[in-house]
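A single chain, nothing else alongside it, follows as structure tokens in the form predicted on its own.
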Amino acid sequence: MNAMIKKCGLRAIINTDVRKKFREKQPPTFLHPAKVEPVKDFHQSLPGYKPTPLVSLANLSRELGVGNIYVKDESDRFGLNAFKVLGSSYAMGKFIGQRLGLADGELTFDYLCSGEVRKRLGGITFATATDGNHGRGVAWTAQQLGQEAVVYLPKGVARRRVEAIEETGAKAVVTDVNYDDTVRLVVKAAEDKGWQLIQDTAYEGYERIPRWIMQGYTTMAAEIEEQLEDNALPRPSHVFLQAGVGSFASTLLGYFVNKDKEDYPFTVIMEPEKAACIFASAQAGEGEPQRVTGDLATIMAGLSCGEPSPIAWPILRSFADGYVVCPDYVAARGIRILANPLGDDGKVVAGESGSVGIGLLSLLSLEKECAELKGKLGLNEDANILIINTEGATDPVNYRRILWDGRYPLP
């Protein structure tokens, strides 16, 4: 049974039956921690690999009246300003490994970059559609492998995101349509021109590579587990996960469900106001995923997607506890909070798609109108909340306008 709440400019659905029905659902086996052990081994073979920080915000936790706030900060993953390269690099590695008949244990990045592999493979052009971060990961990985990349981007993309892709030597193609239609364009172009598609959303007949991309994201979850244990931190009772097509959110949720069974963290899925396809799907019930249309305009460019991935939606439908639609001012508030830490809390540089979790938590905790929703989500002094900063300031112009000029204020 779903409960709908509209407060503080937010729309929320609480899935009140999800825990009761847990035993009726099958956790996604391809995201089981044992299944994805080779993934982190592969990432550790990449040049410049190091775990990204898990920042504990003790002063902000006290200010918001919760137990602990942990921010997994992906703003400097491989120097690419976002987590997405974890998925693209692993999927491209697996693709090459399977073409060469390599076992997972033989899948090291040094070997894939070798002249021997390039000679055996010949030239490959990898192609994808992106709002910025995934495409940069594909382009960077192709550059490391000595291969080519073509990256399609939707209308309205920030110039800096295009430049970051072009700096790898990839070709960037900016379309005049939204993200979902841009995906359709690159799929057609790849079929026509013999390019290898590396897309982070699935469709009928194209599921293997999106699953590999999702497995790539599990390195982040494995790092979080190690960091909590190494620092003797209480395990998260809640996790706030932002969603575009849902691949990232469903990966972390699926990983925690497999690891913790019914004791997995209370999980809240967040989306932009004009691109809330997961919310629309939850609102429609337990059927097929729903599509939202239009220009999908939002400052959270990495979440500007109108069609859920058919691999991601069943995981979110089965195990997510809540879904919240967030106007752009929620993300802008999160940027300002993370850039201006309380006391000796660490500063986090978060882009618009990475900051929405902190922005939402602050509104739920401090705005009296949100008290009912805060209670429904179980946010109290015993709550230990995990939030993922999925990107740094990938649009530095807008980042500065939000900080300096106060763009997107609370209404």
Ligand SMILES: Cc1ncc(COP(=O)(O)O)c(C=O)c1O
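One-based numbering along the sequence shown. What you see is a predicted model, and the numbers here were worked out from it, not measured in a lab.
Another form exists, predicted in complex with this ligand; not displayed. Remarks below refer to it.
When this ligand is considered in the model of the complex, Ser89 lies well away from it, no heavy atom lying within 4.5 Å. Within 4.5 Å of any heavy atom of this ligand in the model of the complex lies no heavy atom of Tyr152. Proximity of Thr128 to this ligand in the model of the complex: non-hydrogen atoms within 4.5 Å are absent; the residue sits far from the partner. For Ala139, no non-hydrogen atom is located within 4.5 Å of this ligand in the model of the complex, even though that partner is not displayed. Of the residues given (Gly306, Gly302, Pro236, Gly322), Gly302 alone sits with a heavy atom within 4.5 Å of this ligand in the model of the complex. Of the residues Ala275, Ala243, Leu253, Ala331, just one reaches this ligand in the model of the complex with a heavy atom at 4.5 Å or closer; this is Ala243. Listed stretches are 139-147, 81-89, 222-230, 99-107; the contact stretch with this ligand in the model of the complex is 81-89, by a heavy atom cutoff of 4.5 Å. Residues of 386-403 placing a heavy atom within 4.5 Å of this ligand in the model of the complex, in sequence order: Thr390, Glu391.
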